[in-house]
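Coming up is one lone chain in structure tokens, specifically the form predicted on its own.
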């Protein structure tokens, strides 16, 4: 393993708590745990959990996953936890209202998608994939009472998301309190040394420390990372908001979406997603400020780097050429998927069938927002019918095309 100081420099990079004292405590404890692990010749057990609320991992999910990969590359045990039980409630950490509850069947289907996409970031041969339904589902009511006895209502009401709702008189449902309790129990069952999460999850991670200590385990170290904004540049990246970039998206799509982010969001993406070192990012920012580097050129550097990470350099080069040809020179792509249109079809149904919209409701939304075109002409009505009388180019947004034949 690398020297402790070198490991600390890598592992603490980008970590934020919003509280300098907590950061100092966690860094000190991490150093001590690394020293002990090195002396005992054992790896640290490090985990990060994800609730399958959607079927696709986004680049927002990869922020803590990349930190998990750093631990993995330093020789530690990485655990990728799929919240197959916690997803039934949904994390209320960043919510001003309760999440819609999912069925067991919905969670199971989405869990498979997460498991398949995990190894875009993590080393498949060195990753332990676990599902928290394995230990949460068998708990009895008596078990729940025993676990809940270690926390107070005041502790939960103090967390920001609940405090805001309580102050406004908005409902806080009892089942939402269970989420942090269940996540804390994950840490106990996994016997973890370190847990990684977003800054909004600090309460949940600290609950894990408390429960571990109460049940006779050494409390875990908590490392939290900033939130990645979506392609709109303001809201958190999320599939439900439509401002996401999926880890499985084709190179051209991924490149084009990165290029669509506002200039002010570039630093967030460089810091959390790119392979650039801090000194390189600072240099790019300085060159933009002095106008020796155009923001568009910086964004192309960013897009090329991100596509290379999730595909390869050759795919990134092709994606860049595609972007320049289609968007900078306003040409259609040389290659695009073709769809045989055998009979007249409603535009909403067609968008779903060819894969340009995940659902009919999303298809209608795209049309109403003016994001759908036929041969360059904006589709004005969700009632429009597309007929197979000639070859037509169906377009969604600026980057997605299907040739109707």
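Positions refer to the first chain, counted from 1. Keep in mind the model is a prediction, meaning the values are calculated, not measured. What we label the rigid core is the largest C-alpha set whose atoms superpose within 1.5 Å from one form to the other.
The following text describes the form predicted in complex with the RNA, which does not appear among the structures shown.
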Which of 209-217, 81-89, 256-264, 181-189 lines the interface with the RNA in the predicted bound form (heavy atom within 4.5 Å):
256-264
Hey, in the predicted bound form, is residue 138 touching the RNA, heavy atoms inside 4.5 Å?
no
Decide whether residue 238 counts as a contact residue for the RNA in the predicted bound form under a heavy atom distance cut-off of 4.5 Å.
no
Does residue 399 make contact with the RNA in the predicted bound form, using a 4.5 Å heavy atom cut-off?
yes
Give a yes/no on whether residue 170 approaches the RNA to within 4.5 Å in the predicted bound form, heavy atoms considered.
yes
Mind checking whether each of 275, 282 and 333 has a heavy atom within 4.5 Å of the RNA in the predicted bound form?
no
Scan 362, 38, 54, 345 and let me know which has any heavy atom within 4.5 Å of the RNA in the predicted bound form.
362
Just to make sure I understand: among 364-393, which residues lie within 4.5 Å of the RNA in the predicted bound form, judging by heavy atoms?
364, 365, 366, 369, 370, 371, 373
Rigid core superposed: residue 15 CA moves 2 Å or more between this form and the one not shown
no
